[in-house]
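Here's a solo chain for you in C-alpha cells, the form predicted on its own.
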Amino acid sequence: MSETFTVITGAGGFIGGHLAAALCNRGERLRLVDVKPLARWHQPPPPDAEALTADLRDLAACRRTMAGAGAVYNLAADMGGMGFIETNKTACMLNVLINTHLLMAAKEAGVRRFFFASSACVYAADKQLTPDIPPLREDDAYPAMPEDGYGWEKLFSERLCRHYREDHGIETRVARYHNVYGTHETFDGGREKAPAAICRKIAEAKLAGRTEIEIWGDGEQTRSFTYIDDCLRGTQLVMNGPHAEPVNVGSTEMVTINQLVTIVEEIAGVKMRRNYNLAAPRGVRGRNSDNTLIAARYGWQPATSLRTGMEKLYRWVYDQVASQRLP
C-alpha cells in the first residue's frame, strides 16, 4: 500500500461517494474531503478512509488537505441541475477558487497526478441550438462560448490544469462529464438534475394518487445521460492514462426529455399528464457526447443502457420518497 494518500475532494457528493467506495475496494489509502458535515454526505465514508470537513475555497484548507497526497481527484464544486446553475452564477463562478487553491497546494505538496472533473457545460452554445445537434467533439469547446457561470468556470479551470502541467510538471487529467446519474444522487431540494427530478415527480405522484407532473420547457430538448458505474470506469481510465487533454466521458444515447419521462413512466407502470412550464430553466436545446476520442484512447464506451440505469435510479428514488412519507 502506498505511503501517500489518494485525495477525493467533493467526496460527500454523489460521484465522489461512489468513487470513494470504488477506490477503497482497490485498497487505496484515502483522504476524503467535503464542505458538508459528515452527517450530510450522500454516502457514509468507507471505515478505513480519513474523512475531513473543509471549505476548499480557502487556500489554508487546501494546504492541509494536500499534505501527504500523491494523487488527487477534484470533484468539489458548488453546483446542481439547471435550476441551480442558471440562478446561482456567482456561486458557480466562485468554484474557481477551489481548483485554483487546490492546484497551488498540490504543487507545494509535490502531488504527482491531479484529476479535474469538468463538464459538458464547457461546450460552445452556438453548437447546441437545436434538438438534433451532432455529438459534441472535444474541440467544439473553442471558440469559447460556454454555459454562463458554471461553464466558464469549468473551462477556465481546464486551462489552469493545462498550465500547471506545462509550467510545474503536475500530471493533470480532465474529463468532461455528460449528465451523470445514478443512485445516491440529489433528487429534491432544488439541486437535482433531470433524471432524478423526473423520477421523484413520478414517484410522488404515484404515491399520492395523482396523474400529472410538471415538465420544464416543452420536453423536446435533447440530452444524453451517463450512468455512474460507466462514469467511474471512464474516470479511472482518464486519471491513470497517458493523455492529458480533456476528453468526454458521456453516453451517446441521446433522448428528448419527453422520451426520458416515457421511460420512467414505463418503469413505474403509470401514465402521467404533462404540464409544460415554458418559463422554467431548460438549458441548451440539444447536447450529446461524441465518444470517438475516449474510445480510441482507452477503448471506453458506456456499458449501461439508459433504460437499465433509469430503472435502478427510479427504484432507489421511489424508496427514498416513500420513506419520507412515513409518519
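Since the structure is predicted, the reported quantities are computational estimates derived from the model, not experimental observations. Numbering starts at 1 and follows the sequence shown.
We do not show the form predicted together with nicotinamide-adenine-dinucleotide, though everything after this point is about it.
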Inset, instruction - May I ask you to state whether Ile213 is within 4.5 Å of nicotinamide-adenine-dinucleotide in the predicted complex, using heavy atom distances? - result: no
Legend entry - Residue contact check: Tyr177 to nicotinamide-adenine-dinucleotide in the predicted complex, 4.5 Å heavy atom: yes
Inset, instruction - Using the partner position in the predicted complex, report whether Ser118 sits within 4.5 Å of nicotinamide-adenine-dinucleotide, counting heavy atoms only. - result: yes
Inset, instruction - Examine Tyr314 and determine whether its closest non-hydrogen atom to nicotinamide-adenine-dinucleotide in the predicted complex is within 4.5 angstroms. - result: no
Legend entry - Asp34, His42 and Leu56 all contacting nicotinamide-adenine-dinucleotide in the predicted complex, non-hydrogen atom within 4.5 Å: yes
Legend entry - Candidate from Tyr227, Tyr150, Phe114, Phe187 lying within 4.5 Å of nicotinamide-adenine-dinucleotide in the predicted complex - any heavy atom: Tyr150
Legend entry - in the predicted complex, the residue from Asp78, Glu204, Glu171, Glu253 that sits within 4.5 Å of nicotinamide-adenine-dinucleotide by heavy atoms: Asp78
Legend entry - Candidate stretches 118-126, 163-171, 213-221, 236-244 - the one whose heavy atoms come within 4.5 Å of nicotinamide-adenine-dinucleotide in the predicted complex: 118-126
